[in-house]
Every structure is written in structure tokens, then in C-alpha cells.
Ligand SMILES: C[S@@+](CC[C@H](N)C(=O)[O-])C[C@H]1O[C@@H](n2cnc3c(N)ncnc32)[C@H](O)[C@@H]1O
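The chain that follows stands alone, in the form predicted on its own, written as C-alpha cells.
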């Protein structure tokens, strides 16, 4: 896609401007989100070319801030098309409505949604500590019969979309939406209930790891832990993630093993999103 886009733009932009066109952009439903050149005219040229190439795109937004805050939102500026950040996105036979400006959502996690759902067994209880609009939760419930998913998010806008997505995808009574801080909700309501805990919020996962462990049944279970890691030269981002997680779990007296670990994607120069599938052993009875 990058080469095709640059090929189409080579007669519209100067070589210097063309070199600043980012190699990737997200398509969420009928919306494209790009990191565009700073020059407004160049940015609009890129946006219009994207709309010309992708006929179903109704709006192109430029991401003008990092994803930040407890609600994981980003600032977007309209470059071309209709200014409506609410769209419908389809994945794995499910339909999700999302406001791309007020909710966190990444189509780049589609492989992880399916991978994790495929690991879940029939009848499991899952706690999703950072559910957003419900993509991990809904896809898991649709793919695996008799599964119950406690689906938590602190962002009230994302929570409302999650409730709607649960209804539209007909997984009510199996995906339980919960609004609030997942650490507080786990401590108050979900101690020792889960066979599996999902932690798809790299910015906060390490600090919330004790709550994730406490959500697991005494018989043990699984934690899918996501993180961002900086690695340069010969450094291995997965190894660095495993080291700090092992130290944290060790301090909690948790017996565990890393069953699987990998890099999910590159998020910037020398930055990587990683995932660890952690198998937690049964907890010994305390005297």
C-alpha cells in the first residue's frame, strides 16, 4: 500500500514532501487515520489521494497527538471528507460501532483478537481489564460457546459503545459490561473468578498485574499481558518484557511460566508492542 500510495503521489508532491508521507495508516470502517505531513496543503493532497484510491472512505483524519490519558484518546484533525468520527467496523463476523476520536480502537490488533479467542476453551470465565468498545470481549464470546466475559473499561463513551456492540452482536448475558477502573472492580467484585485475564493496555499493564493475578481462580489460569518496549541494537524487546514481568510476579510470590511471547507490531523507531501468554500455577493454600 505504501508503494502504491507514493507512486500515485509522486507527481503531486515534491520529493521532500513525498519523503515525509508515512508508510502506514489505519482504515476503520469508512474512516482513514493518517500521520500526515505538517504542511496543510501536502496533508490534504495525501488525504484526497487516499479517498480516490479507497472509494469507501468517507473521511480522512490526521492524528495530531499521541494516544494519552486514562481514556486512551487522541486528537484528530479532519483533512478531507465528512467530519463524523463515528463509524462501523467489521471483524471476525462481528460489527463494532466506534467513535475513533473519543475511544481507543486499533484494527492492527485483529490477529491478536483471533489468536486469544482461539486459546479460550468452552465454558471459561474471562476478565478483560481494558475492554474499550469490546472487540476482544465480543469476538471471544461469539467464537467460544458458553463463555462468560467480564468486560471492563473506565471510559464512559467507550462503555456506551461496548454496551451497543454487545447488543448488536447478540452476546448479552455472556459479555458483562462494567464501567470503572478495572483494578477497583476486580478488588471489589471479581476476586478469584477467572480462568483467563486479558490486559490489552500496555501503558498500565505492569501496575495492574497484581489485580490480574487476584482475578484468577485458585486453580490458576492464564494472563495475556501486553506492553510497549524500547529496544535498540541487539536488545530483544520480548526478553526485556519477560524480565520485568518475571520480577513483578516474583515479588508477588506467584508461580508461573511464559508459555508464549512475541512482538505484536512495531509502534515507532525502536519501540515495539509485545505480548506474553502467562500460565499461572495453582495458588498454594495459606495456613
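Numbering follows the first chain given and starts at 1. Nothing here was measured: the structure is a model prediction, and the numbers come from that model.
Absent from the display: the form predicted together with the named molecule. The rest refers to it.
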_Taking any heavy atom pair closer than or equal to 4.5 Å as contact, tell me whether residue 131 reaches the named molecule in the model of the complex._
yes
*Should residue 154 be counted as a contact of the named molecule in the model of the complex, where contact means heavy atoms within 4.5 Å?*
yes
*4.5 angstroms heavy atom contact with the named molecule in the model of the complex for residue 219*: no
_Non-hydrogen atom contact residue 182 with the named molecule in the model of the complex at 4.5 angstroms_ = yes
_71, 88, 115, 189 - the one with a heavy atom within 4.5 Å of the named molecule in the model of the complex_ = 71
*Find the only residue in 76, 211, 80, 201 having a heavy atom within 4.5 Å of the named molecule in the model of the complex.*
201
*For the chain shown here without its partner, which stretch in 80 to 88, 102 to 110, 163 to 171, 115 to 123 has non-hydrogen atoms within 4.5 angstroms of the named molecule in the model of the complex?*
102 to 110
